[in-house]
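Just the one chain here, the form predicted on its own, laid out as structure tokens.
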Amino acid sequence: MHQDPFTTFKAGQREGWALFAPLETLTTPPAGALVAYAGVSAGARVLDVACGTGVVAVSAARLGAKVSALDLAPTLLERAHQNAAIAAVDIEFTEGDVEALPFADASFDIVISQFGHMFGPQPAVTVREMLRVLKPGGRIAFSTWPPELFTGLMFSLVSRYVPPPANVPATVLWGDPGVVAERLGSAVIDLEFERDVMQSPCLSPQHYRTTIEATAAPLLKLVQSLSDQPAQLAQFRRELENLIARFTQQNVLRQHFLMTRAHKR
């Protein structure tokens, strides 16, 4: 049986993102924006890839779409089930890997992902799988973080202290329209981009840093990795707090994101 060379990396992702749920209040408004941008409508067959706590899936289902959703982290899927139950919508949730989607070819009208598919370690495989399960003429749409703005800069800062595996491309490349166009290539037409902003309450840079250190996988890993290097950890925290301050005004941290939309040939 073929052994996935990224098994250890994916296990770390599954564990690291298990504590993400408190951030769903921040990602809920962008979920509505992405669902609208993707053109989700009643009756459409929609797949939410790397669905997390289900905010995109629930948003789509509330419009009458027939939604399936997949995530690597079972803890997040438990929360997603709860969110669907509260909203009284029927969603098929599956634990699984974006690089091996357990769905038949051409199963969906729309394949969508909010800040999730970009963590697949092999972009070419991720793109191939997302397009494989999409019907010809169907829409692919996703949100990612531009490398030159807050969240992209934060991920780059984290990578300076805890570099990713050598064979895993930087996540922030998914926020570069040129890279996205190259990755989707000739498999799509009508490629479009739009920017929006997620506004996060930020009482102080220290408050926001404390929150994401307890919820976001890259930050969790970094704090664990530097636990026996207090000077380096303190330096990272100073740099991160300075970055947070640059993008914060009137207790609001502005986190710009990129939305991508295209049709499969």
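Nothing here was measured: the structure is a model prediction, and the numbers come from that model. A residue's number is simply how far along the shown sequence it sits, counting from 1.
The form predicted in complex with a small molecule exists for this protein as well; it is not shown, and the discussion that follows is about that form.
Across the options 220-228, 35-43, 48-56, 233-241, residues that bring heavy atoms within 4.5 Å of the small molecule in the predicted complex belong to 48-56. Heavy atoms of W17 reach within 4.5 Å of the small molecule in the predicted complex, making it an interface residue.
Taking the partner from elsewhere, F119 is found to have a heavy atom lying within 4.5 Å of the small molecule in the predicted complex. Remark: V98 counts among the residues lining the small molecule in the predicted complex, judged by a heavy atom distance of 4.5 Å or less. In the predicted complex, the small molecule lies within 4.5 Å of some heavy atom of T27. Scanning I91, L76, L134, A141 against the small molecule in the predicted complex with a 4.5 Å heavy atom cut-off leaves one residue, L76.
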